[in-house]
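There is one chain below, alone, in structure tokens, taken in the form predicted on its own.
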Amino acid sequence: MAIFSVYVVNKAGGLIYQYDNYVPRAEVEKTFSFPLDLVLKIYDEKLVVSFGQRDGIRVGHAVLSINGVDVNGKYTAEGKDILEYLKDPANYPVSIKFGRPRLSSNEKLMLASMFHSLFAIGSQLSPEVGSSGIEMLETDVFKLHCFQTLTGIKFIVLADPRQSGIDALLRKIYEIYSDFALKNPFYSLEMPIRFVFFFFFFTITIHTVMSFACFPICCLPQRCCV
């Protein structure tokens, strides 16, 4: 069981905090001879497989490293274009690691904004007035849980479908947000959260939830008074 990531979205749909706790990555590394029997293309500044999936390498997987050295998007660590590098027979045999790329900061901002819109659409589609909006989305590999406050702030948690205690976690994150962001005189509403105490209590809470299959609220860390 695991909590994968947490998003905090303001009432305008802007991402004000994001935390990746555990992101499983299916990675496959294979040694190739010339010519490369995969078709690669550039997508969103990454080099991805567009045709020829095999041996665990899937269409959409990105090139993560070449000969054990991480790549930088579509370029090698030395700044060379990967496509040009792979066209040269002198560079073979070559070991390439493929896997699902991590989301960039811009992609996370876009996804937060998209969910904000879907949440509003869900409320409008409701046959009853005053719908709470989307509270949970379920797939075969994760569940998305959402808690919206009265002021419109959304707390979103992506977790393993078997993970328990998410409702208590969402409300605890809201409490931490209230204590260490809203009550901080240096915090401007709707702006990104960058406070040490917020991050400290937030991460402790996440790991506490993951440590217990089922727990009462009292098991969560409480704020201290100074």
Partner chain sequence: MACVSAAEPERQQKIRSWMGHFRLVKCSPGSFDACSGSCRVSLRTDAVRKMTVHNLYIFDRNGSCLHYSEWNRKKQAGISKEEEFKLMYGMLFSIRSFISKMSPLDMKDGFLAFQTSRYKLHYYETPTGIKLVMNTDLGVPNCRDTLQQIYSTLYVEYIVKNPLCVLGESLQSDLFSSKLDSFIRALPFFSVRAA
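Note that the structure is a prediction, hence the values are computed from the model and not measured. Residue numbers count along the first chain shown, from 1.
The protein also exists as the form predicted together with its partner chain; that form is not presented, and the subsequent description refers to it.
Here the chain stands by itself, but in the predicted bound form one stretch of 82 to 90, 147 to 155, 67 to 75, 110 to 118, 110 to 118, has heavy atoms within 4.5 Å of its partner chain. Proximity of residue 44 to its partner chain in the predicted bound form falls within the 4.5 Å heavy atom cutoff.
In the predicted bound form, its partner chain lies within 4.5 Å of some heavy atom of residue 126. Remark: residue 105 does not count among the residues lining its partner chain in the predicted bound form, judged by a heavy atom distance of 4.5 Å or less. In the predicted bound form, its partner chain sits within 4.5 Å of a heavy atom of residue 58.
Applying a 4.5 Å heavy atom cutoff to its partner chain in the predicted bound form picks out no residue from 73 to 96.
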